[in-house]
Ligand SMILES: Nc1ncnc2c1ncn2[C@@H]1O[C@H](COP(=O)(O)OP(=O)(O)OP(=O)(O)O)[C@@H](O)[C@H]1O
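Just one chain is shown here, as structure tokens, and it is the form predicted on its own.
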């Protein structure tokens, strides 16, 4: 096992490293692991008392998904003090599970069971941890479940057509809303159905329906006098056929899943997306991000009125308190393989929504953790919002360059590996699976980057090859 020597000490004096909140409140904190440098034995906690953006980087197989799972477990560990976290503030978590590997967090590790479970159990107990249930729910977009292979208790996500915004429709149909006839037809139909109403070809009048369905749009395409006069039959037919196919999806049937079902205090929801086609996957992610941002914006505004507006009447105060009480809690969003939805190669509604969430969400009680094996492929606008960086082994020069350019803590004045002077690039190449460089801009007491071994999982890790 190599020895790592850093100067100066990570923090002055004794004690654990607790980083992530500039006020260093420590009200809510999640255990990530322990420092493996020479010097005092210190645990490493992520202080989640304040909202933040975290990036977890590392090439395939070095532990980035595992680390994201460690954060998931901490957020779902429940109130009070446990071996995984100390939590007081109600928060929810939502995982966009691109590879369907985080639903396994519902499974506790046991001494007996499959070869993989017992292997993970031994790693956990060898490090001094014990099995612990965490509050995790697994979800899948309705219509993409598979009863032959799915675990019991899988919950179904449904959405309404009215949840989609114009850019979501453009992505779903792969059209230009403003410059292409098919796109303009969609925009006109949506406006007539949701806002203006329309006159049918036989002179009848259809009133607007704010919470419209795909069936309402199809009816508009079939009967709207203006649509039938202004667009070619083949244009209408092409959009109608696609509308009918989406109308048939279970995802878009029913009233839609309330956000308060998906996001509950001290619980984490894992949304399994691996089976969903890419275009629809991006729309689902974008719609949820925008809804969460919008709802938390309003809840935050209501809370600030309660906190600051002394002129409120008793009725206004009661109304605002009820609005906050019935809204969604502060929320952490977690996403693995973030370059898939927020990469540099092409624009997407998911990427734009994710960047907006990262830029604005902290004002409304929203935090973000993304993991990627290709940091050089991740949109730099997202990386620029990152305060905390957890970097596993990187051997690609371009990926290592992104990591070192975004470190928020000072480099050590002296760095040695096995007694020999080393560079930061060399360190990133040499660290082993499960080890990571930790950097945090919201840590006044942290004097430099530090090196940690991520703690073992206490629930099943699904990111191995099967």
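Numbering follows the first chain given and starts at 1. Treat the numbers as computed from the prediction; the structure is a model and nothing was measured.
Although not depicted, the form predicted in complex with this ligand is the subject of the following passage.
Contact here is defined as any heavy atom lying within 4.5 Å of this ligand in the predicted complex, and by that definition not a single one of 246, 281 and 285 is a contact residue.
In the predicted complex, this ligand lies within 4.5 Å of some heavy atom of residue 337. Taking the partner from elsewhere, residue 41 is found to have every heavy atom lying beyond 4.5 Å of this ligand in the predicted complex. By the criterion of a heavy atom within 4.5 Å, residue 29 is excluded from the residues contacting this ligand in the predicted complex. This ligand in the predicted complex comes within 4.5 Å of no heavy atom belonging to residue 439. Only one of 411 to 419, 59 to 67, 397 to 405, 46 to 54 places residue heavy atoms within 4.5 angstroms of this ligand in the predicted complex, namely 59 to 67. With the partner omitted from this view, the residue of 373, 300, 327, 264 that lies near this ligand in the predicted complex is 373 [heavy atom within 4.5 Å]. Taking a 4.5 Å heavy atom cutoff to this ligand in the predicted complex, the contact residue among 10, 454, 18, 458 is 454. Looking at 418 to 434, the residues that come within 4.5 Å of this ligand in the predicted complex, counting any heavy atom, are 433, 434.
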